[in-house]
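The chain below stands alone and is given as structure tokens, in the form predicted on its own.
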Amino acid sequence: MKIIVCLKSCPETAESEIKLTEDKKDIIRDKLVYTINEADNYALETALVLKEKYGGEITLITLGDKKSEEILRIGFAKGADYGIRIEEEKEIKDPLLIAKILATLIKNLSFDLILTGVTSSDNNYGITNIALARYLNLPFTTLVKEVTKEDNFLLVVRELEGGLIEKRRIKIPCLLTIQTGIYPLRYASILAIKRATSKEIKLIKLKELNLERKENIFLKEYFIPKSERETIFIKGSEDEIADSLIKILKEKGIL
């Protein structure tokens, strides 16, 4: 199988103090550590498992600056074969444009399967992967938690709302978005990481793809949610408490 995995380099913000730029269009990133987007890490792990089971090769693709090559090298250290970095002149935030850029590159590549994470941990749109499938006119399915190959089809198990499970048969070539936790993540050895530093990464300048780069989705503003709490004690009989509760919920626009 020829597998393409789309990876994104994202800042680790879970245990960092987040500060906004003056125009509130971005966060201050100077002291943040970047790593593979968590959901994409599971897409990479799925590709490695499929390669071990059925053979083939894995090509990693990322869109970003020179620093984003680090995540490709982590992928090499784990067992990926090839890496491509699309260099952007400035950060693109429109998920549909990102999908179009990836599609323009991928349509000229040979592949059986494209794997992505469900969403990115920074913007959390969950749009790029589905748009990519549509631009490439590929069958796709989302929230995949199990994959097996059967002839020219993949048998996938999806996790739906409320704990429901769906089994689906999808024809190759196709695109799958992978649910976190599908497999335990492997760690790259120090020796493998050292070897990965010498591996070639193909660089493609965005202008080489010859496509219109107009963004139609714009980020208006970041804001840090306020932490607020209000406790109201309601006294009276059961009927009085119920009436008071309904009145409060209506006043707050919940009912």
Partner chain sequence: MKEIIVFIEHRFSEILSNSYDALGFAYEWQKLFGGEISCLVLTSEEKKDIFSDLKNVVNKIYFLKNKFLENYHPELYLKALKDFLKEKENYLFLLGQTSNAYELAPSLATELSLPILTDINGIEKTDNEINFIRYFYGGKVCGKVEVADIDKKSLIITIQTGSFQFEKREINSEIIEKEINLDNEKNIEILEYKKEETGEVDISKAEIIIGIGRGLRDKKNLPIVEELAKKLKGVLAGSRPAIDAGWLSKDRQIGSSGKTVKPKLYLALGISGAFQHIVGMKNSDLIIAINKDPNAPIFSISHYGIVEDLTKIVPTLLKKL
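Every value quoted in this text rests on a predicted model; they were computed, and no experiment measured them. By rigid core we mean the largest C-alpha set that fits within 1.5 Å across both forms. Residue numbers count along the first chain shown, from 1.
Missing here is the form predicted together with the partner chain; even so, the following discussion is about that form.
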- Item | Candidate stretches 48 to 56, 188 to 196, 216 to 224, 203 to 211, one within 4.5 Å of the partner chain in the predicted bound form by heavy atom | 216 to 224
- Thinking of Thr13, Ile27 and Arg229 as one candidate spot, does the partner chain come within 4.5 Å of a heavy atom in every one of them in the predicted bound form? yes
- Item | Of Ala131, Ile84, Leu105, Ile92, the one that lies within 4.5 Å of the partner chain in the predicted bound form (heavy atoms) | Ala131
- Residue contact check: Gly79 to the partner chain in the predicted bound form, 4.5 Å heavy atom: no
- Contact of Glu38 with the partner chain in the predicted bound form (heavy atom, 4.5 Å): yes
- the partner chain contact at Asp151 in the predicted bound form, heavy atom, 4.5 Å: no
- Message: Given that the partner chain is not shown alongside this chain, does Glu22 nevertheless sit within 4.5 Å of it in the predicted bound form, heavy atom to heavy atom?
- Response: no
- Message: Heavy atom within 4.5 Å of the partner chain in the predicted bound form: which residues of 145 to 173 meet that condition, in order?
- Response: Lys145, Leu155, Arg158, Glu159, Leu160, Glu161, Gly162, Gly163, Leu164, Ile165, Glu166, Lys167, Arg168, Arg169, Ile170, Lys171
- Message: Using the rigid core as the reference frame, would you say Glu230 shifts its C-alpha by 2 Å or more between this form and the one not shown?
- Response: yes
